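Same protein, same chain, two forms; see structure 1 and structure 2 below, as structure tokens.
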Structure 1
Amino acid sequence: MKDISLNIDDYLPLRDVVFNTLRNAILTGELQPGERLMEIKLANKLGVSRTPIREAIRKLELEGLVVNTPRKGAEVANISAEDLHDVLEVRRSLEALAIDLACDKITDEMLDELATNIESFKNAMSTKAATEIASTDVGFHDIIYKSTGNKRLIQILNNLREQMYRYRLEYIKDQESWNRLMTEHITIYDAIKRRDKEAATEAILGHIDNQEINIRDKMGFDR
């Protein structure tokens, strides 16, 4: 177990702070798939009682991030091909809707933000900073989501993105994918700028398909 620490938030109850801390540690890989979650050890590490730890583990189990195995107890869920497929299947539909709305509603200022993001992505590639590349990739999609003006869609996509984070890290680790990512972002940007819904939808779906292929190859999943 890596050195995780409590992410204090004065506006949240302690149980929620503990849950968010453990959830983030799983999504970012600080807590690895298959790693046991022992209540006493986690309570001591985070400086809390066992009660909020136990509650957090139950909630994480409901999200599918933790599994409880007889005689072994709670542990971080493994990354599976089925989970990847399920998440991306939903993401394809939602991203296609977001792109459709973006082509109608995106402003010139947001188009400028997308263009700036692409330059930032290029700069991050030159430094080979994987975390910065991942952050810039997320930012590109965030601009598109924001441009839809649909708060509920944005909320759902953000939640889905968090579920994708563990897979995204595997994708970003592959430096050979960086140039392809940037090219795909440029293609998506150009199509949105032209308000070409068909081309933009084709571009975003191809972007997601390539991501799934890459992750499956890296993790040894069957296609």
Structure 2
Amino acid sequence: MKDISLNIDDYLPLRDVVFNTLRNAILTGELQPGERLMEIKLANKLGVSRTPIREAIRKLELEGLVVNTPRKGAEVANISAEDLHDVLEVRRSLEALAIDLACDKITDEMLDELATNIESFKNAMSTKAATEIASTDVGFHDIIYKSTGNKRLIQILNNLREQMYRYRLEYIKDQESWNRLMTEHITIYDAIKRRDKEAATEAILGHIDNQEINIRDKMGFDR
């Protein structure tokens, strides 16, 4: 059957196009922490005027991906050891909440999605596709988030995850961690399936903590 959705509203303001572009550039490391975002340069590169660039920067600023100094301009935010700690402390708490809600609310369809995701993960591992692994990993957690049915929770968790996403690219290349990552996902999946909140919470917290250790290592933070 054909999908006749007359996509009347495929219009996106330039500011949002720019916002998505810049955000992606930051998350993939194309724009590095500390790098200046110069309006005219970006405007030329993207072929638009300064106006949408500025509005996009305002949003990135509020999202914490960019820091702005009045009359000096914006630069890509640089996360400190303290920031990382703060983000992870909050994230631990909200991941626990998410798992708790997931155990209550997840549907059979979503459980299937998780199972499928784990299979994709195995495939990506066998083909050693790091990018694929990374996006599958993100997808696994997305399913859990979605199953909570709490839009605000999803939004905040995505934002917190985003804060460290760019620093994760390095460690995800490290094949050593793939097996551990997959084992942890399976443990989490099993616990949710059994609706075993205690086990699920323990598993997710361990999962986050391991990520924290990896990121700290890669970033050269001690402790």
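For clarity, a rigid core is taken as the largest C-alpha set superposing within 1.5 Å between two forms. Everything numeric in this text was worked out from a predicted model, so none of it was measured. Numbers given to residues start at 1 and step along the sequence of structure 1.
Structure 1, not structure 2, represents the form predicted alone. With the core held fixed, Ile188 shows a CA shift below 2 Å between the two structures.
Relative to the superposed core, His207 undergoes a C-alpha shift smaller than 2 Å between the two structures. Fitting the two forms on the rigid core leaves the C-alpha of Gln175 displaced by under 2 angstroms between the two structures. Summarising the core-aligned comparison between the two structures, the C-alpha atom of Gln32 is found to shift 2.7 Å.
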